[in-house]
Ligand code: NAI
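What follows is a single chain, given as structure tokens, in the form predicted alone.
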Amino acid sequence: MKSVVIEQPGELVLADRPLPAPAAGEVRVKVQFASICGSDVHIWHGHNPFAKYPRVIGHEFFGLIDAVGEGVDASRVGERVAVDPVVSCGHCYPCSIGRPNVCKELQVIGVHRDGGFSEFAVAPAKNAFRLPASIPDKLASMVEPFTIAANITAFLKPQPNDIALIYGAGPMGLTAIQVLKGVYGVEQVLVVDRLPERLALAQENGADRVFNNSDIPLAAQLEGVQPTLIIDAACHPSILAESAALASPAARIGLLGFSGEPCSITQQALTSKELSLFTSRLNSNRFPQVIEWMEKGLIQPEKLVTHYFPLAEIERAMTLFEKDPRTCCKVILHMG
């Protein structure tokens, strides 16, 4: 089978690999579509501290179950499934309280174990979620990106009367906009970014007001408006301090970033307003929730997709995703 392998940082190859056999409790998926994420690019360039090499990347993927391991019902063969990349032990403290995404023995498909940029991939059977016919094949790999927004909003508990501010109009920010508007009915969603093309996408995805902070500081543009809910989907270390300064008293702030750089903020900046700070990594069993949202039409993943490429053009697809944020948002690979 053909698989996209990062042999070592900087070395991406489309390799011939043996067909994997599903182990006990696993299924093998004949992958149909897989979408590119920023973390795939980070693994390619050696910037993901958790990745082991060589690695078949890809953690956003969809396909058909074509084989099952011992203990898995054979009737599952042929199911259309989206695969949750979060593989957990099931018995540590985080797992015991419903937080498998920060399991002490966490393994992420496409990071710690081989992923879905391949003609076939294996995964635990419980991680393969059956999709309704109403979700088309070409958008089915988009379930995983929306679970990121599902996870952070579950912490933040948005309300219709919130004034929400989202930093960053890339894929994470756009999914957050759609979830805030379509699922939670938030009446005011503000978005800040430095690229006008991304701000236009934000408006297409439901943002009520957009701000370009490349020249004029956001504080000056808000003119005293104090957000009650803030999501940092731009993931720059400087954003936390600015968020605390701009936020309403009693506001909630959600962080999605993974930077190793320090950010400078005082206790006073947080405690004086009694701000609530939440962090979110991956997703904690959010696939059924997002599948339901897609089935009900509460979110529109097609609004994020700008490009499709065959698997053979993986390096061109990854380079476009990385280098052209003005015209490129979600890029989906077709395995056929």
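The first residue of the shown sequence is 1; numbering continues from there. It should be emphasised that the depicted structure is a prediction, and the values quoted were computed from it without experimental measurement.
The following text describes the form predicted together with this ligand, which does not appear among the structures shown.
Only one of 68-76, 232-240, 102-110, 129-137 lies within 4.5 Å of this ligand in the predicted complex by heavy atoms, and it is 232-240.
Residue contact check for Asp193: one or more of its heavy atoms lie within 4.5 Å of this ligand in the predicted complex.
When contacts are judged by a 4.5 Å heavy atom cut-off, Ala150 does not count as touching this ligand in the predicted complex.
By the criterion of a heavy atom within 4.5 Å, Phe258 is counted among the residues contacting this ligand in the predicted complex.
Contact check for Met172: a non-hydrogen atom falls within 4.5 Å of this ligand in the predicted complex.
Checking Pro158, Gly168, Pro85, Pro124 for any heavy atom within 4.5 Å of this ligand in the predicted complex turns up a single hit: Gly168. Contact with this ligand in the predicted complex, judged by any heavy atom within 4.5 Å, is made by just one of Arg281, His307, Lys303, His47: Arg281.
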